[in-house]
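What follows is a single chain, given as structure tokens, in the form predicted alone.
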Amino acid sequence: MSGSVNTTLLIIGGGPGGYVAAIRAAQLGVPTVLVEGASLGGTCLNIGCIPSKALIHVAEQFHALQAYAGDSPLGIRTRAPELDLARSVAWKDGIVKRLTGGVATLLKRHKVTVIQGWAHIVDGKTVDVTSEGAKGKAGAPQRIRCEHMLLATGSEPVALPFMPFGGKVISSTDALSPRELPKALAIVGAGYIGLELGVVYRKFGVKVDVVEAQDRILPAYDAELVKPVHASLKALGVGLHLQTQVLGLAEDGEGIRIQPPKSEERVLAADQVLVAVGRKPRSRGFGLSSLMLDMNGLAVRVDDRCRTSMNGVWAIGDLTGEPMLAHRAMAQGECVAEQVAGQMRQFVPQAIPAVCFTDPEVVTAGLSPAQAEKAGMDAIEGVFPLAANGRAMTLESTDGFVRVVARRDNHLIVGWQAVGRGVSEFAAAFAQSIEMGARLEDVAHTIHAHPTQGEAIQEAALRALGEAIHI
């Protein structure tokens, strides 16, 4: 043992939830130690949200230039572009480096003690941290004792037992740092991770096939939202194999064996296979079981204050299960930090927005019409198509719509959904209106700038009230 450290708050995991909790706790004067075994920023900054959006941008620009090399209706003509993949990946890595460096600077500025190493829980007040020493050898463990322990270990990709990661079978982490592009990529899973990366690779010129066991893509979203995305994928030339089971790699390794509906087993040719069937809480490998916490499968069970079943032990983010979203973890991190500092807080958001950065984008907050009906609510809805929005026309992005869901009796807004180019930026307005208890009239009578796509938000509220102007 190389000595010990005593602190008020010990945070295991330096992802979005962990580092935000550390900064907020330090702002409130709480002595804080943050332990991270890999890189600050967690999955989101290093191998998830940020790098994927960077590559999405590269792919969009490359695809647009390819269109301009043909017969563009905008009157722009250029030569066929070339992709320097190594430079694109380096640009992506540069953004990641700047952001993770910024997190490190913020933690230092707030006097958070950051320990680089792998934590192993001894008990609810004690953790041993092993750091990598010289020549890659583990050094002597450092013991940390705390009054409060915050578990923020995140999640990891789910592997298929009959097709584990390795060789031609890659995870989203591998797909975000390609050294070269395959000629053909098979993607197992049509959730947001698989489709976001599928669109990137297809726009880079790769032949892409997506295999999904359910009867439609993005099964977590309602069917109407998914239709424009499905149409866009088909237009891009992405092969969609729905209601199809994956049986394993082909015998020669040159693809995967699939079982289409009402058809014989066949081989889908592919140079690489991206398995994107979801993520699971990272709850093993650091001694969590020694605490004997109440669990929901692999997820740690928490209450509305992010407390676990053990006094003084808290948990946030992906470790606590769905929805596995970085912004949820951040909000929970702040919630815990303020409670450790003696404030009264609860984590009871009215809505947590979710965004799928496909082409077109999808954003939701609150209840869909089907969810409202299932909850026994008498609801009304208003839908405004982007085809009737002037700004959307000038952006060549008229595929999609904005939809609002509200109670019929008092017009309280309970949900928003949108699909279209750039609609991810609607997330803030959607969540804020629900969190503040806005009614249809509040949104309908708020002056929205013209010409903007945001006018579709106002128009959807007007239409729900039967007062639509532009449709």
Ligand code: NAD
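Residues carry their position along the shown sequence, with the first being 1. Small disclaimer: the values here were computed from a predicted structure and weren't measured.
The form predicted together with this ligand is left out here; the points below concern that form.
**Student:** Which one of these stretches, 81-89, 94-102, 210-218, 343-351, sits within 4.5 Å of this ligand in the predicted bound form when only heavy atoms are counted?
**Tutor:** This holds for exactly one stretch, 210-218.
**Student:** Does this ligand get within 4.5 angstroms of any non-hydrogen atom of F357 in the predicted bound form?
**Tutor:** Output for F357 is yes: heavy atoms within 4.5 Å of this ligand.
**Student:** Is there a heavy atom of G400 no more than 4.5 Å from a heavy atom of this ligand in the predicted bound form?
**Tutor:** Close contact is absent here: in the predicted bound form, G400 is far from this ligand, nothing within 4.5 Å, heavy atoms only.
**Student:** Would you check, heavy atoms only and a 4.5 Å threshold, whether G255 touches this ligand in the predicted bound form?
**Tutor:** No, G255 is distant from the partner.
**Student:** I'd like to check something about I380: if you look in the predicted bound form, is any of its heavy atoms closer than or equal to 4.5 Å to a heavy atom of this ligand?
**Tutor:** No, I380 stays farther than 4.5 Å from this ligand in the predicted bound form.
**Student:** Taking 4.5 Å between heavy atoms as the contact cutoff, choose which of G198, P281, G189, G333 touches this ligand in the predicted bound form.
**Tutor:** In short, G189.
**Student:** So which of L107, A299, V277, L240 gets a non-hydrogen atom within 4.5 Å of this ligand in the predicted bound form?
**Tutor:** It is V277.
**Student:** In the predicted bound form, which residues of 155-172 put a heavy atom within 4.5 Å of this ligand?
**Tutor:** Residue within 4.5 Å: L160 only.
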